[in-house]
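This document opens with one chain alone, in structure tokens, the form predicted alone.
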Amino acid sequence: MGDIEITELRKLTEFIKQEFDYDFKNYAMSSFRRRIQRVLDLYKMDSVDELIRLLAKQEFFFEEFISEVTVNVTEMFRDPTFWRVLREHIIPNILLNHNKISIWHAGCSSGEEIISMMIMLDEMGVADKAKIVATDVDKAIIERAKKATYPLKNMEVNRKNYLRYQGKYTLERYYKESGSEAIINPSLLENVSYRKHDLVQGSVFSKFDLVLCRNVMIYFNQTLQNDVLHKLHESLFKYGYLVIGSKESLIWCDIAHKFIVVNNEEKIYKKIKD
């Protein structure tokens, strides 16, 4: 099968918007096309039309489809230098003026970032001061994040990251092994609440001291990135911090002037204007 035509993708996004009120129209085209191709290969379908027919016929298939299209591969303490900057500068700065800290993980995927955050806060002795909200558009992946159970084979890269992050202990302290799985200590996640939220169409639902939205916007075109950044700006208290992915940027967007760069390398920004 050749490349998927733009017209086919358009037909698919229109169908999904109409049937499921889920808007893919501003996703970056090349990445969306690759992911749709992956779905076709995975389910051994010959055409986008066949995919549309299946989505129309089987309602439960849509959740599976969303999981495949929005799948994000992630690790604990991914980019260890970022976590060190968070531990040494950002969190202490927030706690200088507040005795509580509220954090939003937007696009939390399968939850490795949240676990990293809780381990870090725990080792800093401030976990009880933190209120964490973790959101994703994919219901199935939120359930996975809640379960906080990971394949043991994934833990090796997580342990290496933790070592490079220079944590206080070893990562093993935070999980127990059961068969081929690593089960994260549930007490670690006591202050985390999970909810389904669509960054594209969802509204602003709270204010935070720190918002992490890493490697979510690389899949969006500029219009959509702009909209999402407006929401993230609105979701921050004045002087709150925003973190985006290493390949993402704020520079060109409408609200760039409302932030200052705190750390360009790690893509950390501070909101200075409402």
Partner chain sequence: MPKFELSTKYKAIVIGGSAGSFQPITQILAALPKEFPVPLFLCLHRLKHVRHGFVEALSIKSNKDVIEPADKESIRKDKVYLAPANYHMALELGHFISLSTEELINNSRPSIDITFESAAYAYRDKVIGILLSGANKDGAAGMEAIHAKNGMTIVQDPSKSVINAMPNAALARTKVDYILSVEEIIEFLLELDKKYRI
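Numbering follows the first chain given and starts at 1. Model, not experiment: these values are computed from the prediction.
Omitted from view is the form predicted together with its partner chain, to which the following refers.
Although the partner is absent here, I6 sits close enough that one of its heavy atoms falls within 4.5 Å of its partner chain in the model of the complex. At least one heavy atom of N215 is located within 4.5 Å of its partner chain in the model of the complex. Looking at Q225, you'd find a heavy atom of it within 4.5 angstroms of its partner chain in the model of the complex.
A residue is said to contact a partner when one of its heavy atoms sits within 4.5 Å of a partner heavy atom; V126 fails this definition for its partner chain in the model of the complex, lying far away. Contact with its partner chain in the model of the complex, defined as any heavy atom within 4.5 Å, is confined among 156-164, 106-114, 142-150, 179-187 to 156-164. When contacts are defined as a non-hydrogen atom within 4.5 Å, none of Q18, V200 and G202 contacts its partner chain in the model of the complex.
A single residue from the set K238, R53, R34, K44 has any heavy atom within 4.5 angstroms of its partner chain in the model of the complex; that residue is R34.
Residues N215, M217, I218, Y219, F220, N221, Q222, Q225, G245, S246, K247 are the ones in 208-247 with at least one heavy atom within 4.5 Å of its partner chain in the model of the complex, listed in sequence order.
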